[in-house]
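One chain follows as structure tokens, the form predicted alone.
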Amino acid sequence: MVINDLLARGMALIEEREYSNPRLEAVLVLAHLLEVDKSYIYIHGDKEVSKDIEHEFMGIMGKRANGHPLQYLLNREDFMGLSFYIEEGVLIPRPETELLVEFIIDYICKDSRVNILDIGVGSGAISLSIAKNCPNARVIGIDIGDTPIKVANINKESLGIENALFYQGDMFEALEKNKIDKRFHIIVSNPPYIRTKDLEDLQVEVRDHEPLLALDGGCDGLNFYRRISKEASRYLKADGMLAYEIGFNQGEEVRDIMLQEGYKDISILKDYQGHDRIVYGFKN
């Protein structure tokens, strides 16, 4: 079967999915299987593909039709201009999280020698993007799950990054367990912030496939902001910064939590859609 005909078959499987771009997704899947750039697919639509590739392509598109995220099917997602290995068990990096990373990079400057802690590493997207762009920074990432630590280390190796280390454990217990006696200039986190009752309303790609631990923020979505804000000051240097990604309507609530825990100079930054997206403040 030629490429164009195979693409048409694959597109037909997913064209009714609300959250898909059928042609682009079919092209990306076939380019992945053929190990070529997607431009090759557009240019060589009359090229024959093998039966094995045809079978594998239709299998992946069938899974996509049933709601499997494309990133898990391709084991890949781009973030901050870097290519990250992804598998089920880690949160898929989102474009809005790039705003948090860009803010941290701009704040510390590329030549700064700072210690940074990332709470909830997932694929390592935040930790490794900061470490890649700021080679003099020393980044530690912690996560409660084994899979995120494994995936983050895979990405660390593939990206050739040496100034980041990952440890498994329940938030700050990971530091104690691994005897890391360190105070940080910056603690950053994109914690779970979806209200438990709202999980069922998420699109099927997220609800049924992404890790619940990385999504569920408790009854009001703020459980982890409370816990991190309360415990983080023990691990921050004087005037150290605590920075969060937040849900679009959580800015005032997270600021109040940080105020109650004694942080100062707290600010809320908006994303490109005008929604609250980052809250940061400093140890008093």
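Predicted model, so just to flag it, every value in this text is computed and none were measured. In case it trips you up, residue 1 is the first one in the sequence shown, and so on.
Omitted here: the form predicted together with a small molecule. The next part is about that form.
Out of the listed residues D170, D198, D208, D106, D170 is the one that sits within 4.5 Å of the small molecule in the predicted complex by at least one heavy atom.
Although the partner is absent here, L117 sits far enough away that none of its heavy atoms falls within 4.5 Å of the small molecule in the predicted complex. Shown alone here, Y40 lies farther than 4.5 Å from the small molecule in the predicted complex, counting heavy atoms only. Contact between R227 and the small molecule in the predicted complex is found at the 4.5 Å heavy atom cutoff. For C134, no non-hydrogen atom is located within 4.5 Å of the small molecule in the predicted complex, even though that partner is not displayed. Screening 155-163, 142-150, 70-78, 199-207 for residues having heavy atoms within 4.5 Å of the small molecule in the predicted complex returns a single hit, 142-150.
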